[in-house]
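There is one chain below, alone, in structure tokens, taken in the form predicted alone.
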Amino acid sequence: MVHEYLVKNNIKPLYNRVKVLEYLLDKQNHPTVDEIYNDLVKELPTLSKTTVYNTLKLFLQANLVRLITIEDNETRYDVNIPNHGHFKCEECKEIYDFTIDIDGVETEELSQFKIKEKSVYYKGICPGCLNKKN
């Protein structure tokens, strides 16, 4: 399935690329490059961090993943492409997807602009962490 998906998107399905995309599809945890690398290097000892960066760059260009930057110093990757929002828990650091009608949010001030991406980010404390405090 992943192999064919890459071919369909004009990406040569090299083994490392397949493994990175499988990881993203399987985990769907908005990982950083370090998280992807640290998890996959156990299975692929010859994997380099540069390969992960280059693979993700290729996936971004092909619109297979999207970049999310909820924190200034933290770049994460999301394989869930349709528009949606993200909530980051300040306690456990988990990131949650939520449905929002981003397409319906337009303002007159931007009517002459070509919008390429829309992002909605929330930060706070998730229910799991709130329950731990009680």
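Bear in mind that the values here come from a model prediction, so they are computed numbers and not experimental data. Residue numbers run from 1 along the displayed sequence.
There is another form of the same protein, the form predicted in complex with the DNA; it is not shown, and what comes next is about it.
Enquirer: So in the model of the complex, does L14 come within 4.5 Å of the DNA, heavy atom to heavy atom?
Expert: It does: once the DNA is placed as it appears in the model of the complex, L14 has a heavy atom within 4.5 Å of it.
Enquirer: Give a yes or no for K27: in the model of the complex, does one of its heavy atoms lie within 4.5 Å of a heavy atom belonging to the DNA?
Expert: Result no; K27 lies far from the DNA in the model of the complex.
Enquirer: Is N83 close enough to the DNA in the model of the complex to count, meaning some heavy atom within 4.5 Å?
Expert: Residue-level check for N83: no, no contact with the DNA.
Enquirer: Looking in the model of the complex, any heavy atom of N63 within 4.5 Å of the DNA?
Expert: N63: no, not in contact with the DNA in the model of the complex.
Enquirer: Quick one: T46, N54 and N73 and the DNA in the model of the complex, is every residue within 4.5 Å by at least one heavy atom?
Expert: Affirmative, all three are within 4.5 Å.
Enquirer: Quick one: of I95, V33, V79, L40, which gets a non-hydrogen atom within 4.5 angstroms of the DNA in the model of the complex?
Expert: Of the listed residues, the single hit is V33.
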